[in-house]
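The form predicted on its own is given below as one chain in structure tokens.
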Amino acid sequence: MAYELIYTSSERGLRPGTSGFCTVAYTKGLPAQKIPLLEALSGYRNAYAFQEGKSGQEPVSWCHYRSPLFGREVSVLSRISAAGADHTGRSNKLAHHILVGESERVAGGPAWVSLQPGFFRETWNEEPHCFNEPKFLPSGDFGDCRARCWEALTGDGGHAALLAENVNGDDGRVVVLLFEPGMDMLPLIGEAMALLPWHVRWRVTYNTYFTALPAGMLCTWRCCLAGSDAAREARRNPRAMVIDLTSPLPPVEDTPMAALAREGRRNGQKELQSVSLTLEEPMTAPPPPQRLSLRSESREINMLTLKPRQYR
């Protein structure tokens, strides 16, 4: 059973005496010590001043975090976004968190789950209340692993392999994608994740609108607005691989992973069998495909600038 929690600005919170930014809903049975941890993940930084009237351009923060604070085999899937004005006329946000245990993980991985229509709440106009029923994750997987969104954005789907080839467990290496408002980052994350075996997908953490790392959390793939403080900090990080979606891109190396991203998997074709990932042993869930071997040096990449477009 997966637990969920919703955090936003309200005249009255779910817990007695709470108002303003607070929890307005959660699943019955959610451990009390997990509630403040999820609330602490609800931060959101508007890209524009609220009065600018550009709320449609505000990025959405789709996240998958892991942390020892939640438990060794627990993940948090989140959607955090600007939410217009609250009851006082000030800027509001809506954070919807799903606490996922090992037994709830599905083959598609966290990005695939987040891409499913209706899985996350995008609005909240209800009175505070508890959810009586548990949250169930949809089951399924990517139908193909051809990186069509990367191809549309950069001209070469092989660029998705730049993320997948830099998965090295929890060794501190991060991949940073610099983007412009209006770019839909979750499909790009999903296509890169589709190149990985299912058990590795749940080891990869990401945030499609990264501004700061919450205390105690892990975040491997970070999407930062170009020119932001987070982007400037990423460029100073010697352990970060920076992929700039706002600048021209040199050709990507012709690797088996890049070829898979360009061509997809043909009917009956097995997973790549070239090498092995330096990650923990597979988790006990759906039967995993054979392991991939990914090796890459840390480097800065520049990507071709194209007009932002939607992929969903």
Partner chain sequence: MDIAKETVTECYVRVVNRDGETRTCHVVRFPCTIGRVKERDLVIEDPSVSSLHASLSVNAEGQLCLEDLGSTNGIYHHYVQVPQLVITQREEVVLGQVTLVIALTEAGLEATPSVIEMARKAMPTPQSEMSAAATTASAMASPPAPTAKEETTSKSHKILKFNELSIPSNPLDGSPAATISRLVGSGRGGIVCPHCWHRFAVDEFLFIARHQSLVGDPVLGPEAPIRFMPSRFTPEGNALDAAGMSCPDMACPRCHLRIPQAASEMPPLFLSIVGAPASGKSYFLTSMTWALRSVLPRNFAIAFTDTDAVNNQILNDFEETLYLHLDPNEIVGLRKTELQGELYNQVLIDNMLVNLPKPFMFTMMPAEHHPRYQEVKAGMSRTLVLYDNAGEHFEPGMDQADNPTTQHLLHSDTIFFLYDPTKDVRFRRRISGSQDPQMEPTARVQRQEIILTEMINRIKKYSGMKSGGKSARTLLLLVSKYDVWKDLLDMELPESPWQWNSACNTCALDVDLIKNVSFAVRQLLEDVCPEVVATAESFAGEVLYLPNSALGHSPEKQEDSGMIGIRPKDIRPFWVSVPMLYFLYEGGFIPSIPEESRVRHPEAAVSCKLSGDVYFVTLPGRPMPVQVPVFFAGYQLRLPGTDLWFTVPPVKTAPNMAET
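All of these numbers come straight from a predicted model, not from anything done at the bench. Residue numbers count along the first chain shown, from 1.
From this point on, the text means the form predicted together with the partner chain, which you will not see here.
Novice: Of 123 to 131, 199 to 207, 237 to 245, 99 to 107, which is the one stretch near the partner chain in the predicted bound form, taking non-hydrogen atoms within 4.5 angstroms as near?
Specialist: Of the stretches listed, the one contacting the partner is 237 to 245.
Novice: Determine whether any heavy atom of P251 comes within 4.5 Å of a heavy atom of the partner chain in the predicted bound form, and answer yes or no.
Specialist: Output for P251 is no: heavy atoms all beyond 4.5 Å of the partner chain.
Novice: Within a 4.5 Å heavy atom cut-off, is E263 in contact with the partner chain in the predicted bound form?
Specialist: E263: no, not in contact with the partner chain in the predicted bound form.
Novice: With a 4.5 Å heavy atom cut-off, would you call K135 a contact of the partner chain in the predicted bound form?
Specialist: Taking the distances in the predicted bound form, the answer for K135 is no, it never comes within 4.5 Å of the partner chain.
Novice: I'd like to know if T27 sits close to the partner chain in the predicted bound form, meaning any non-hydrogen atom pair within 4.5 angstroms.
Specialist: No, T27 is distant from the partner.
Novice: Kindly indicate whether S19, P36 and L213 are, all three, within 4.5 angstroms of the partner chain in the predicted bound form, using heavy atoms.
Specialist: Checked in the predicted bound form: all three residues contact the partner chain.
Novice: Can you tell me which bits of 84 to 101 touch the partner chain in the predicted bound form, meaning any heavy atom within 4.5 Å?
Specialist: If the 4.5 Å heavy-atom criterion is applied to the partner chain in the predicted bound form, 84 to 101 yields G84, A85, D86, H87, T88, G89, R90, S91, K93.
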